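Listed next as C-alpha cells is one chain, alone, in the form predicted on its own.
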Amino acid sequence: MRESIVKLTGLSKRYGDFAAVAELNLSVNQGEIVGIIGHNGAGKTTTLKMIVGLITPSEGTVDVMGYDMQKHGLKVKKSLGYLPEENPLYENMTPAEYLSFFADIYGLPRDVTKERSTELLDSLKLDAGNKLIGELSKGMKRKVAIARTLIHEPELLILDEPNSGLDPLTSFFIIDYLKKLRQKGKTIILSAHNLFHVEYICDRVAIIKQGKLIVFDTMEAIRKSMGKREFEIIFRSDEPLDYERKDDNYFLKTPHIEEMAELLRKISDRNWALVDLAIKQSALEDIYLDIMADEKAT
C-alpha cells in the first residue's frame, strides 16, 4: 500500500453562516494524481488553499507529508509547489530571469538553478529566447508559471486549473506533461473544469457539491457504482423485424445484458449478419451532470 502524503480530516471552512467546505475527509497517496471537480463555488479552490496553508481551516486538520500544516507550514511548503488559477507574473523579466529569481528564494545554488531552468524550459517547450514574459502568449505564460512551480523539485504539486483558458493543443500538452511528472514520482492534486482531461489523467476523482464530498474513488469504481452502461448491436437480416432500422442495418440499444444476449442468440440461430457490437460506459461528464442535477446529492 502506498504512503498517504496528504490527509484531510473533518476539514471545514466557514464564512459566517456560509460553509465553503464542510467536513471534508480524503487522503492522497504518494505518486498519484487526484482530481477535484465541482461547480463554481463548490469549494475546490478553498480546499486547495487550505492544503497549501494559505487559508486557515475553521475546523479539522490538513496533514501533509506527516506534518500538521497549521503547526509546521513553513517546513512543509519547501516540499510543495502551488499553482493558483490566476497567477500574475513579473512581466518585465525573461522566463530564465523569473525562474532564477524564485530559485534564489528557495536557496538553490546558481549551478543547480541554471541546470533546472534549462531542463524545465526544454521539457515544457518554452523557447522564448530573450522575450520578456509580458510579450509571451497566454499558453507560454502558463508554462512559465508551471516551471516556477517546479523549480525547487517539489514532491507534491497543488494545481488550480492548470490549463485554464488555454487552446486545446497547449492544454493537452500540459496534461500530458503532468502524466510524465507522475511517472517521475510526483504527487499531484488538481482542480479542473475539463472533465475529459480529469478522466484521462487522474488516478482518483473527488466530486464536491456545495462544499461537501459526494464521491471519491477511481474512475472504474465511480462508473460501476454511479454510471450507466449501454449495449449497442448492429446487424443485418433479410427478414422484416421489429427493430430500429437505418439503410440495410438493424439496431438495438439497451442497458440490459439479458436483452443483448437474447438478440445475439437469435442472430446466431437464424444466421443473421452481426455488423458491430459495442459497450458504451458513462463518461465522467455524464456522471457529474447527474450528480449536479440530483438535489439529494448534497
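Quick caveat, the model's predicted, so the values are computed rather than measured. In case it trips you up, residue 1 is the first one in the sequence shown, and so on.
There is also a form predicted together with ligand ATP; it is not shown, and the following applies to it.
Worksheet item: Is there a non-hydrogen atom of S268 within 4.5 angstroms of a non-hydrogen atom of ligand ATP in the predicted complex?
Response: Residue-level check for S268: no, no contact with ligand ATP.
Discussion item. Using a 4.5 angstroms cut-off on non-hydrogen atoms, would G35 count as touching ligand ATP in the predicted complex?
Written reply: Because no heavy atom of G35 falls inside 4.5 Å of ligand ATP in the predicted complex, the answer is no.
Discussion item. In the predicted complex, is there a heavy atom of ligand ATP that lies within 4.5 Å of any heavy atom of L11, even though the partner is absent here?
Written reply: The answer is no: L11 has no heavy atom within 4.5 Å of ligand ATP.
Worksheet item: Is H39 close enough to touch ligand ATP in the predicted complex, meaning at least one heavy atom pair within 4.5 Å?
Response: Yes, H39 lies within 4.5 Å of ligand ATP in the predicted complex.
Practice prompt. With ligand ATP left out here, work out from 62-70, 249-257, 41-49, 231-239 which stretch has heavy atoms within 4.5 Å of it in the predicted complex.
Written response: Selected stretch: 41-49.
Worksheet item: Between the options E85, E135, E155, D217, which residue brings a heavy atom to within 4.5 Å of ligand ATP in the predicted complex?
Response: Here the answer is residue option E85.
Practice prompt. Report the residue, out of K114, H193, R182, K212, that has at least one non-hydrogen atom within 4.5 angstroms of ligand ATP in the predicted complex.
Written response: The residue in contact is H193.
Worksheet item: Non-hydrogen atoms within 4.5 angstroms of ligand ATP in the predicted complex: do E97, F173 and Y177 all have one?
Response: Per the other structure, none of E97, F173 and Y177 touch ligand ATP.
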